[in-house]
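Presented as structure tokens, the chain that follows is alone, the form predicted on its own.
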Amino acid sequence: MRPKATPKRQLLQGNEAIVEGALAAGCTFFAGYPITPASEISEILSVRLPRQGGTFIQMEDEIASMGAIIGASLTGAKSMTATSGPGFSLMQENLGFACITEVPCVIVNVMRGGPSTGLPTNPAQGDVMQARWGTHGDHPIIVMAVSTVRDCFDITVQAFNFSEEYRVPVIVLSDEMVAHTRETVVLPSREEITVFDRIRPDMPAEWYIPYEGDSRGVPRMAAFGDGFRHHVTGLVHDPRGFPTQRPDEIDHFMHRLFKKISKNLKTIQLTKSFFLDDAEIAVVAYGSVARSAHRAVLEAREMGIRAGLLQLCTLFPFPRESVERVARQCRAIVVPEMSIGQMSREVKRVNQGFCRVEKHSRIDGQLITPDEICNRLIQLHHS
């Protein structure tokens, strides 16, 4: 027997780890437009993808980028794009098209200060609600957030898997701080990674109904050119893909879109817990701020404060049960974030008066430090 290869330690930047995760998940197509602080993703993939038989295209703008990855996915490719706030705003109409046509794809948004051009080189977390509600109309979406360089790899792989499994666009929210942090990591081998590929038709072409959901509500997906009739439209459509005005078909279609997510919440809603078993005060955080929160909790523990951290890896669908469990257990929760308070509203919405919930906002383009969070934990401990 061959001896097992020693895991390779690598010094990677967050954006580099996102690239590694995308390639490990089977990404074969990238279309995008350079933008700070996401440009490294495009730059690296422009070299790596062609070497592996994939396709990289620099588009004229982010509207076209989103359209290109939708088209590539319809032909059977695993596709993605990467951008930051201004580009993400331009993608919203085509993002809605991907939602209604159930086209799997991954969109990475490396958040920076806004609105408009804002603070191009500074971290922020102000795109959270845009990620959930940016495109118009009722629509299901999965939004995830990365905190560490290893998260950038793992969650990118998971984003592709969710996208393929449920036929939905998946948004990965990073931020400038995570994107440009370098850490020594050991990435899993390809054999250790679970990769999910979309379920393709297994029936004769004449029997194929392109938008007929299975027991999970997810239709099988044929690729253009495979010989299956597949009509794609941004209009609400019947199971065969043709526009409909029938209320019963509209109602069934919309509910099926949401069923794909609602029936699989326990699989999709991912969180990480640190020191929560006996916690009296908790921090709920995501992204780079979760790193500061983890350090703050360690420091608070050294002072005898029973603090814990719930890190949100899935932001939407919002992990209500996990947050409720913490709210029932603890007497106070603090929600630090680099925005005026977007996720804190979600925590307060599900709290239902179980405990005290306080936000800790910073909107000056600077990371929330461990000391800031630790001081809030001390104040809550003594109050």
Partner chain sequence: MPKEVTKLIHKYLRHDKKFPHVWCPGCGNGIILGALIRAIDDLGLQKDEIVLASGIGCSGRMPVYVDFNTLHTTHGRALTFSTGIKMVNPDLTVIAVMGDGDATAIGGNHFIHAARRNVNLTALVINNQIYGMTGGQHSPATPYDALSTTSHYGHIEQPFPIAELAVTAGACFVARGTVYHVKLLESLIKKAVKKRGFSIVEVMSNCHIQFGRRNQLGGPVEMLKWLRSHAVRVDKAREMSAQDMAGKFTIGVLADREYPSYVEEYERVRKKARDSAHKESP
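This is a predicted model, so every value here is computed, not measured. Numbering follows the first chain given and starts at 1.
The next section is about a form of this same protein that is not shown, the form predicted in complex with the partner chain.
Chemist: Please check if residue 288 has a heavy atom lying within 4.5 Å of any heavy atom of the partner chain in the predicted complex.
Modeler: It does not: once the partner chain is placed as it appears in the predicted complex, residue 288 has no heavy atom within 4.5 Å of it.
Chemist: Taking heavy atoms only, is residue 235 within 4.5 angstroms of the partner chain in the predicted complex?
Modeler: Result yes; residue 235 sits at the interface with the partner chain in the predicted complex.
Chemist: Mark residue 276 yes when one of its heavy atoms lies within 4.5 Å of a heavy atom of the partner chain in the predicted complex, and no otherwise.
Modeler: Result no; residue 276 lies far from the partner chain in the predicted complex.
Chemist: Examine residue 341 and determine whether its closest non-hydrogen atom to the partner chain in the predicted complex is within 4.5 angstroms.
Modeler: Answer no; every heavy atom of residue 341 is more than 4.5 Å from the partner chain in the predicted complex.
Chemist: Any chance 61, 68 and 229 all have a heavy atom within 4.5 Å of the partner chain in the predicted complex?
Modeler: Result yes, every residue of the spot touches the partner chain.
Chemist: Specify the contacting stretch among 74-82, 162-170, 145-153, 126-134, defined as having any heavy atom within 4.5 Å of the partner chain in the predicted complex.
Modeler: Only one stretch qualifies here: 74-82.
Chemist: Note which of 182, 266, 190, 240 lies within 4.5 Å of the partner chain in the predicted complex, where distance is taken over heavy atoms; exactly one does.
Modeler: Comparing distances to the partner chain in the predicted complex, the residue within 4.5 Å is 240.
Chemist: Quick check on this chain: which one of 322, 329, 55, 36 has a heavy atom within 4.5 Å of the partner chain in the predicted complex?
Modeler: Comparing distances to the partner chain in the predicted complex, the residue within 4.5 Å is 55.
Chemist: Going through 161-185, which residues have a heavy atom within 4.5 Å of the partner chain in the predicted complex? Please give them in sequence order.
Modeler: The stretch does not touch the partner at all.
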